[in-house]
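Just the one chain here, the form predicted alone, laid out as structure tokens.
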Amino acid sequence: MNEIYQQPLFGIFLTLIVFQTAKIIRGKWKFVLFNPVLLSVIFIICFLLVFDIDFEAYNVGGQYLGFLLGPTVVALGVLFYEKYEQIKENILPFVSAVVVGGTMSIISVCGIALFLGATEPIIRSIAPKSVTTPIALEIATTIGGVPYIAAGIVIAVGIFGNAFGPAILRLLGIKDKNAIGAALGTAAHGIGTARALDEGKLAGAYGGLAMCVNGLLTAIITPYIVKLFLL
């Protein structure tokens, strides 16, 4: 039986079946916690625990799906190309919003963590919470954080933004779909951008570009901000 779990197709098949099931559940019940990404994570974790399957065995196949994240992000460039003229008209306020949002993301999480008495390694690990996992892991490693903690926080932030982001933004009076897309891409990286695509192609293009700009910004300024907080 263990040989089945070690096959690459096991992880791929399990992930796809679970995600499609989660989408069906979300289609029937529009409850906010029935987010496909969140449900998929919970279902897979429960499955692995119930059948006592090591994550490493599941990830033999799961890593191939993870590899596709890179090409998927690059593919967002197609949307940017298609919507370039519309984005260009708002490029200054867009970049300004992403820079402010990305900077405040780092400052706020470091400040809250410090206020709550978090240890230095934890602060260094959660500082890059709003960028996509590969970038967050590199930043966390560079500034002395724990990569596994950084990865967990990044995924949690993405799922939260995907599930609750649009509702929170609309509650705050932000109803413009393009602004919602930019906010989701800035705060919730790739998973948030996937949700932005549900708002429309232009919103998805804003989300993808915001994710890239914030990734670059966070990689540059995070070490300096963290250093100021830990003086």
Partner chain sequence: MFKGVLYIFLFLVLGEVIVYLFNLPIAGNIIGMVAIFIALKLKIIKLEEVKPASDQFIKYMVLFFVPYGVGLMTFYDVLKVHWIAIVISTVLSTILTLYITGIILQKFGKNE
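Bear in mind the structure is a predicted one, so any value in this text is a computation, not a measurement. Numbering follows the first chain given and starts at 1.
From this point on, the text means the form predicted in complex with its partner chain, which you will not see here.
Its partner chain in the predicted complex is not approached by Leu33, whose heavy atoms all lie more than 4.5 angstroms from it. At a distance threshold of 4.5 angstroms between non-hydrogen atoms, Asp176 is in contact with its partner chain in the predicted complex. In the predicted complex, its partner chain lies within 4.5 Å of some heavy atom of Gly66.
Shown alone here, Thr186 lies within 4.5 Å of its partner chain in the predicted complex, counting heavy atoms only. Applying a 4.5 Å heavy atom cutoff to its partner chain in the predicted complex picks out Val37, Ser40, Val41, Ile44 from 23 to 44, in order along the sequence.
By 3 Å or more, the C-alpha separation between Lys177 and Leu38 grows in the predicted complex relative to the form shown here.
Relative to this form, Gln63 and Gly204 separate from one another in the predicted complex, with their C-alpha atoms ending up at least 3 Å farther apart.
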